[in-house]
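Only one chain comes next, encoded as structure tokens, the form predicted alone.
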Amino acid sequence: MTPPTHAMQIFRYAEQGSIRFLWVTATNPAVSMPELARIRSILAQDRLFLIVQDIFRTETAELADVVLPAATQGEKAGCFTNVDRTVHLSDKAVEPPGVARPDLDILLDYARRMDFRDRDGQPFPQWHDASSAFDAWVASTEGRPCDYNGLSHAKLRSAPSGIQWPCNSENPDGTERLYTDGKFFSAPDECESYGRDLVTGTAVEETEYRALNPDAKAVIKAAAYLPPHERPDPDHPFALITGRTLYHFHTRTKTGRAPQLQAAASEVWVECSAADAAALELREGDLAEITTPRGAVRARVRISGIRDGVLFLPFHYGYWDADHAQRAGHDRAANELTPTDWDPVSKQPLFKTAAANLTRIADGLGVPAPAPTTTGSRPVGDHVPPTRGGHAATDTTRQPTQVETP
């Protein structure tokens, strides 16, 4: 077996032409990946056949050769596992709209049409629905740290609060706490990999790991500071970082359609410090342009408690609900600005190291930036109206509880 190909490498292969068929499911790289001009050019290649499977017509779907409409949560059955190892079953509550189908049904239909077979000549995969697919997963975990062998759809359905793995004959009701016996899964004979060098990403060899950790203890690694590949300079004096806001998820394909969430953070903004705003003669709500060597984004200014010399852009805002000018100019999505670079160990794209410039474009006319005041984007001044839910957020279905006192 070879190491898995991470997302950044997949796009490099597609750019080079060694990947000619790409199937994108439940993600939106045309907004979420760095250096979006490059990503769009890769996805739009004539030599790349692109399938996008999603519940909405995303920016990535706009570039697809084939779009497969998928069902969302509540429209399909399946399991999910929380970070505390609790496995839950989610049953289908309603039928999906139109011709949308669960992801599993789409993939199984594809496998049948391609006539995939296992080494015994039987149809592959052999499961046919969510329950049988879960049973196959359960079988693959036997003897592993995440042993699911005591679980099934039927058992999970009878435990509405979920069951924690490992769950097997030794732990039929699941396991609330791990490592109570002082034993860990890091023993050299149990490891499937032995870690990586934090600077180069080179895999640690088994002999080195055995010498370092024969007793399966925690290994704490310290990494020396490495300067970013792109640092501020006179033309781009700011360090640009991107990130989340409380009210939106990923590229807003769901949360942007929820009126209360959209009202709380309706449009992209840029945060800068009070000192930087004063130096650039910027006021709250002014329209500014943020540029890097890769592109430009236009956003309203929020003067916040951010560090001097640092700019922040939320990455959620793409183009599916943008106006004509934003769509034509590609000047709304934060990842128009971020570089093609990634961490050598995790392979996570680096969204925190771009060098940028900030320029005032137009007067805000006293209208504040659309950034929430209830999160890290709260303003340093007190003249911005607070973000509130309003009447539409009021729960009118519950009546006050009456408590009798003696």
Partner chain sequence: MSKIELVLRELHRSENSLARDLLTVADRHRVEHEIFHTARDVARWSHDHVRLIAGSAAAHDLHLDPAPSTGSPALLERLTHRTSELLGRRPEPGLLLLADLRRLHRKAAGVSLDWELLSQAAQAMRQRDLFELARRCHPQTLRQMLRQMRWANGQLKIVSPQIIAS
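Positions refer to the first chain, counted from 1. This is a predicted model, so every value here is computed, not measured.
Absent from the display: the form predicted in complex with its partner chain. The rest refers to it.
Not displayed here, its partner chain is kept clear of residue 305 by more than 4.5 Å at the level of heavy atoms in the predicted bound form. In the predicted bound form, its partner chain sits within 4.5 Å of a heavy atom belonging to residue 347.
Contact annotation: residue 183 falls outside 4.5 Å of its partner chain in the predicted bound form, judged by heavy atom distances. Its partner chain is not shown here, but in the predicted bound form it comes within 4.5 Å of a heavy atom of residue 38. The contact residue chosen from 74, 98, 227, 145 relative to its partner chain in the predicted bound form is 227, the criterion being a non-hydrogen atom within 4.5 angstroms. Checked against its partner chain in the predicted bound form, the candidates 189, 208, 176, 115 yield a single residue with a heavy atom inside 4.5 Å, and that residue is 208. Of the candidate stretches 66-74, 354-362, 368-376, 44-52, only 44-52 contains residues with a heavy atom within 4.5 Å of its partner chain in the predicted bound form. Shown without its partner, the chain has 197, 199, 200, 202, 205, 208 in segment 185-223 as residues with a non-hydrogen atom within 4.5 angstroms of its partner chain in the predicted bound form.
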